[in-house]
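Quick heads-up: it's one chain on its own, the form predicted on its own, in structure tokens.
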Amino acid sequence: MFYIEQLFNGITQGSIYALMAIGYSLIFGTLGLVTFVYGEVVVFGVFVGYYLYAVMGLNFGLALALGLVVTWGVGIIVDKVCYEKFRNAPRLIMLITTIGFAIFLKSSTQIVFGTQQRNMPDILGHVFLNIGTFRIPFIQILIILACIFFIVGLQLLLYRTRIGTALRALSMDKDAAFLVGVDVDKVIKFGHSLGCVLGVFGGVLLGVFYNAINPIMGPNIGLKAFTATVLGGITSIPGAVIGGLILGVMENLTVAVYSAGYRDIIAFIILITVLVIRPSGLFGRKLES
């Protein structure tokens, strides 16, 4: 029974990683660049939502919505500072600017919201779904359903709307997309901000799952999102979903067999193994150098 519980915990956590990973994959698809500021943007957005709910006393849904709106704006600022002026410059320049902005945003989060870990409010309380002798916390079911909703919604956006078509065209060939009339700059801003919003929503769910958030958890979130994306295929959104689920399940089974101290090690092992054996991931296409 203990291992079944850990497996379900892994699916729940993997769903959150999947949501963060598709946000990361979306950013990579529009920019064609690995980013180091993703985790810090996620943490900043999560703390904005937490502050509005726990401190200002706003309704949870309204606080979350406002947090996502602020995150959208931060995504635009990051694009303005780190990417817009360097679209045609060597990629190393943009990579370095994301590192600098990540340090700035991490410090800003600590200055504005403090350096202590915060406990997320218990939204549903101790509500369980009983299946025989197996008890499933209802919050975990809610988290999984929320992740599925956003993943399906993103797929509909990508394949049923004009902006989604533009995003897919941009991820394939920016020059060709420009030649057929795609506003490259506008679409990049949209894709980058949308990816950040998805990450923040995943960060909120992660905080609800663990009942805690920390202003220094940005690098860890960025690593998990990047690992899940690389595992599934950094150019594949369905692959990122599968990568997130695999990472979440493997982490929790590792905790079940060994201890919680080994949880984060598994992410590095997966990342190194995939990069050595199959750099394009399970479902990704080969990238041009």
Partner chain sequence: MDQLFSLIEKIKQKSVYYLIPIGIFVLIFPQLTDNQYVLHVSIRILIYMLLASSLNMIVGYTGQYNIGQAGFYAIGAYTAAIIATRAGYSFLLILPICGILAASMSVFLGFPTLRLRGIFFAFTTLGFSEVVRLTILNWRTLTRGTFGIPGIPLPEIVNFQVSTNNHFYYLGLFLLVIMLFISHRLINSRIGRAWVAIREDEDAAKAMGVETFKYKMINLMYGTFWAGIAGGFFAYFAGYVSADSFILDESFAILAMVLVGGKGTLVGPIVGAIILTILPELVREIARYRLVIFGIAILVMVHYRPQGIAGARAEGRRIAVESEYEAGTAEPVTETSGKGS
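It should be emphasised that the depicted structure is a prediction, and the values quoted were computed from it without experimental measurement. Residue numbers count along the first chain shown, from 1.
In what follows, reference is made to the form predicted together with the partner chain, a form of this protein that is not presented.
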### Query
Does A89 make contact with the partner chain in the predicted bound form, using a 4.5 Å heavy atom cut-off?
yes
### Query
So, in the predicted bound form, is F226 in contact with the partner chain at a 4.5 angstroms heavy atom limit?
yes
### Query
I242 near the partner chain in the predicted bound form, any heavy atom under 4.5 Å?
no
### Query
Could you tell me if L95 has a non-hydrogen atom within 4.5 Å of the partner chain in the predicted bound form?
yes
### Message
Does the partner chain, in the predicted bound form, lie within 4.5 angstroms of each residue among A54, I148 and Q155, using heavy atoms as the measure?
### Response
no
## Note on the structure
Answer key: of A212, V180, I103, L129, within 4.5 Å of the partner chain in the predicted bound form (heavy atoms) is I103
### Message
Only one of K186, R160, K85, R135 gets a heavy atom within 4.5 Å of the partner chain in the predicted bound form. Which one?
### Response
K85
### Task
Considering the partner chain in the predicted bound form, find the one stretch among 32-40, 60-68, 45-53, 242-250 with heavy atoms no farther than 4.5 Å from it.
32-40
### Query
Across 146-163, which residues bring a heavy atom to within 4.5 Å of the partner chain in the predicted bound form?
none
### Task
Could you tell me whether T30 and T235 have their C-alpha atoms closer or farther apart in the predicted bound form than in the shown form, knowing the shift is 3 angstroms or more?
closer
### Task
Note whether the distance between the C-alpha atoms of G233 and T30 decreases (closer) or increases (farther) in the predicted bound form, against the displayed form; the change is 3 Å or more.
closer
